[in-house]
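What follows is a single chain, given as structure tokens, in the form predicted on its own.
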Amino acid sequence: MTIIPALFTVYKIRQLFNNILMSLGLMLIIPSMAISGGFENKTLAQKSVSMAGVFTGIANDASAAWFNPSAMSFFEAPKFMAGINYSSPATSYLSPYSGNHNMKSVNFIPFHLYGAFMLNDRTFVGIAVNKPFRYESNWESDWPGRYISTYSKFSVTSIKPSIGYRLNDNFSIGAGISLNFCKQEDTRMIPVTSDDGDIISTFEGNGLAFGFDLTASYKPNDETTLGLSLKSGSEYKMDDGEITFQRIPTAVQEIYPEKSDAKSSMKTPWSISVGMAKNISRKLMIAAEIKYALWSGTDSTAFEVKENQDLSYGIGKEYENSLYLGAGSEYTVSDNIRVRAGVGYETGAIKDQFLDPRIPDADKYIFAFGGTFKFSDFMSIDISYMLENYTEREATNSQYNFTGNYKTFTNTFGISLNYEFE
């Protein structure tokens, strides 16, 4: 299957889902095409990355501790994985008035650490450490949107213990509880000018939240596996944040403090994933996945300045739920080499009137490939590459009356080390 027919097939599947749900009066379940999945990070393990995000129905390595803990109970031995990815997004903004502006370089280097350990023949426990959510944008200090944002970042680091229990030879269940740490930064210019330029406003805060997931795996036969994963959302309250103001003109020093306590909050969405993997032959495995994320529960962000409430500001957002469709395959070249490829499509989360430069997303097509190279009976490495091609998007933000076209590409490379114990 070539890339173009594959993408056409993904599109037709989405249309089929819409038609079926419309006939049932449930059209609101599937969102209209918007942007790509909010700010969820898909680079969480190389097998998943190399198949464009597909893994819930596969979950055959230590990263099952994150994607689908129930699948761990089908393992025959403990497993461990450690890896890193390098993501380099490139975004251009085309203004109807001042031409093209390129976002400054932003490099994301997320790590992941997974382990799955046997308690008995039916029970495994797992640990997952990764970065499941993140956005970052970095614009020049004199660009047209400087009064909206010059630098913005939100990232989550998650630590999740989990357990998988096999009820019988065909069916297993799993669960996990995650401890999530977040960091948020938001810098913008304020149009009050001194000899040095506009005032610079910077918020920084940290938060903590808990989450959980419930999963299940079903193996009707030796060739087929079905996986289900429900992940909760989390709410982060950054009540002990701080905001600073720089380059304050003398005339307004009583209004703008150099530093003040401040607070903010953010939410991440609930999601449900359904995946399937099937061995077509001794060498070829195919897989598919559908994921539905409830971004509509993620709303506007407010930055409250405690010393002067008049300086508080908000980021207006009204998210929509998103849908992800992906398909991938794995081919065994030899006892020591396996290769993978995948394609995906994701709709999104933010309506046109709420799009701003902090998260300049659009619908995206995902193309990926990678492989596993085995060095011994116990040790191997996974490598991966993913291209996320965001469709060009023109929007007017109603909060700031800010209009323009956004276009983004993201390239991601990754490597992981796997170890399977005796």
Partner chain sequence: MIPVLILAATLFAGCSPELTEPRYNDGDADFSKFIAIGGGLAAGYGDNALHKVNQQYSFPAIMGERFLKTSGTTYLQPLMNDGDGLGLLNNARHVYKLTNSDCGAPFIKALPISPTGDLTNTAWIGAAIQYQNLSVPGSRISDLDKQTFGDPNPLIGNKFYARFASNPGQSTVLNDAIIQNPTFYALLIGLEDIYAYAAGGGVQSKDSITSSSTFEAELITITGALNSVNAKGIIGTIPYPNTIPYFISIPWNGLELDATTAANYTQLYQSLNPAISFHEGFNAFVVSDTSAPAGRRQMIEGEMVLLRTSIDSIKCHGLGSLIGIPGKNYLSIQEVNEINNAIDGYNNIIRSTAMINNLAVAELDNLFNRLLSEYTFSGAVYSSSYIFNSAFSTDGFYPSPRGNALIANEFINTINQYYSARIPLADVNSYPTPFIP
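The model shown is predicted, which means the values in this text are computed figures rather than measured ones. Numbering follows the first chain given and starts at 1.
Another form exists, predicted in complex with the partner chain; not displayed. Remarks below refer to it.
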Among 203-211, 272-280, 232-240, 140-148, the stretch whose residues bring a heavy atom within 4.5 Å of the partner chain in the predicted bound form is 140-148
Answer option from Ala82, Ala175, Leu94, Leu294, heavy atom within 4.5 Å of the partner chain in the predicted bound form
Leu94
Here the chain is shown alone; which of Asn170, Asn336, Asn100, Asn120 has a heavy atom within 4.5 Å of the partner chain in the predicted bound form?
Asn100
Can you tell me if Ala90 lies within 4.5 angstroms of the partner chain in the predicted bound form, counting non-hydrogen atoms only?
yes
Hey, in the predicted bound form, is Leu284 touching the partner chain, heavy atoms inside 4.5 Å?
no
Mark Ala251 yes when one of its heavy atoms lies within 4.5 Å of a heavy atom of the partner chain in the predicted bound form, and no otherwise.
yes
Heavy atoms within 4.5 Å of the partner chain in the predicted bound form: does Gln309 have any?
no
Heavy atoms within 4.5 Å of the partner chain in the predicted bound form is the criterion; list the residues of 388-407 that meet it.
Glu392, Gln399, Tyr400, Asn401, Phe402, Asn405, Tyr406, Lys407
